[in-house]
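Encoded as structure tokens, the following chain is the form predicted alone, with no partner shown.
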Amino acid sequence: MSGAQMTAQASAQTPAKVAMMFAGVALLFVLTGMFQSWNLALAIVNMALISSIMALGVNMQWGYAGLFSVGTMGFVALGGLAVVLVSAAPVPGAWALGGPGIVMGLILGALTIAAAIFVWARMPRGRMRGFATAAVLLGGFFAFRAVFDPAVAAVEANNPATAGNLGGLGLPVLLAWPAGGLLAAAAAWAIGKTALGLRSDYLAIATLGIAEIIIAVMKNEDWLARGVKNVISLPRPVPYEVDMQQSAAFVDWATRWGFDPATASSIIVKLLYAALFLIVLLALIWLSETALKSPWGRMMRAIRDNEVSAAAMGKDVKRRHLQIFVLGSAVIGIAGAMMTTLDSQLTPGTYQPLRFTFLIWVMVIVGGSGNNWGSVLGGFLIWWLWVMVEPMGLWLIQMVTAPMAEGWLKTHLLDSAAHMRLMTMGIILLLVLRFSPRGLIPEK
């Protein structure tokens, strides 16, 4: 058989292998529903869909352009913040007490930065340019604080037990999803303008630090989204289970088919969420695949593989890096908004690098860097393992320690079951890197 025939045969087998891998992962969810509960299986599916979208965003940055950013957590958090700012109900008392002052303070801050940039760009190089820029920044900072601080104090003193923030615009929650993408994209543009000129390792450090700053701001600025007090009862795009259970028609339908109304309502709500998330995921995959196969996608891969050669051919490498960094961050922001909508609450304390950076990177690496479908496969597989490994590990350790006498060793082993998921992620990552370094579905 000639080399061309072997290549054609391998290409023909690839879709079948990919379909088998997706079928195998789907079987894991079906078995979870059959042997545990369909509520649990659908809950894992919904978070797997969101995680796959996050992995798509990271894959755009790393798989398309080779940008090693570990600021994923910050963009997810900004997407969640957008849900509060767009869809939460406004707090009239807070707006009356300090809303205009906060808006004026933010405008002053933006004007100060713009004025400093203008002075720096217009003045000739030298010591005076530095002094003038510093004077503008210091003057603007004190003016900003003089207006902003009293307004923030007034807002946060307004019924802090249940409010203490400005609230949102009260718009439909589905509008918050693209708004989350826009907010994350704006932050990515600001980050990229300063950090994308750094070497890859410095870029990773910078993005991680900026993500931590974003989380710190969300935790401490109560006027924005109540800080660590959390924002609860956010609007939902699907019906509430309680409302469905109070509907006589729904109760009759569930009873007629032999379902418990409470269980049936929970499953239907999860299915509706899954349908919404699946529509977003498929739309993003279609757009990503179209872009990847276009001349723009070939240019991005050429820059990733050899920046020097691409620059020699007249390509603006830094501009293209900024472009893909913003696009990938926007996708991550959309996923962050979807996750907050699913939870119906914003809890800044739950945004941890382990969950929203490390785990997403594992999904991309295991699925296949540079392959959009690989990111989706990795998102579903790794999230299922992340949820299920701990109870499975506890069951395994209980079986192993059952014959052992009661004592510190048995207690220690049972208490260690919580660490099974971390050990499993490490083992899977090592196995994939050893036997399939390009991931389960490699880039073509």
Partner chain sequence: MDILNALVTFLNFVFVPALAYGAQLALGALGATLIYGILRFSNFAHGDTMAFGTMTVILFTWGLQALGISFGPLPTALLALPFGIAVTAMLLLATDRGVYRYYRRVKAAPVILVMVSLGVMFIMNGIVRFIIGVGDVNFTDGERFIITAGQFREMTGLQEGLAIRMTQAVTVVVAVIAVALLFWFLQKTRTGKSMRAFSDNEDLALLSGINPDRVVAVTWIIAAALATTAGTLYGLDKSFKAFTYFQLLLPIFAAAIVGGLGSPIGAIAGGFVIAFSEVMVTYAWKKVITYIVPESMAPEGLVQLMSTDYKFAVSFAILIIVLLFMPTGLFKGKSV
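On a predicted model such as this, the values are computed, not experimentally measured, just so you know. Positions refer to the first chain, counted from 1. Take the two forms, find the largest set of C-alpha atoms that superpose within 1.5 Å, and that set is the rigid core.
One more form of this protein exists, namely the form predicted together with its partner chain; it is left out here, but the text below deals with it.
- Heavy atoms within 4.5 Å of its partner chain in the predicted bound form are found in exactly one of 372 to 380, 409 to 417, 39 to 47, 23 to 31, that being 409 to 417.
- Judged against its partner chain in the predicted bound form with a 4.5 angstroms heavy atom cut-off, the residues Trp120, Ala204 and Arg434 are in contact without exception.
- For the candidate set Lys315, Arg145, Lys229, Arg236, a heavy atom within 4.5 Å of its partner chain in the predicted bound form is found for exactly one residue, namely Arg145.
- This chain lacks the partner; the member of Glu289, Asp343, Glu212, Asp260 within 4.5 angstroms of its partner chain in the predicted bound form by a non-hydrogen atom is Glu212.
- Among residues of the shown chain, Ala216 is one whose heavy atoms approach its partner chain to within 4.5 Å in the predicted bound form.
- Taking the partner from the other structure, its partner chain in the predicted bound form has no heavy atom within 4.5 Å of any heavy atom of Tyr240.
- Shown alone here, Leu385 lies farther than 4.5 Å from its partner chain in the predicted bound form, counting heavy atoms only.
- When its partner chain is considered in the predicted bound form, Thr255 lies well away from it, no heavy atom lying within 4.5 Å.
- Along 328 to 357, these residues reach a heavy atom to within 4.5 Å of its partner chain in the predicted bound form: Gln352, Pro353, Leu354.
- Annotation for Val238: C-alpha shift under 2 angstroms between this form and the one not shown, rigid core superposed.
- Once both forms are fitted on their rigid core, the CA atom of Pro90 lies less than 2 Å apart between this form and the one not shown.
- Once both forms are fitted on their rigid core, the CA atom of Val387 lies less than 2 Å apart between this form and the one not shown.
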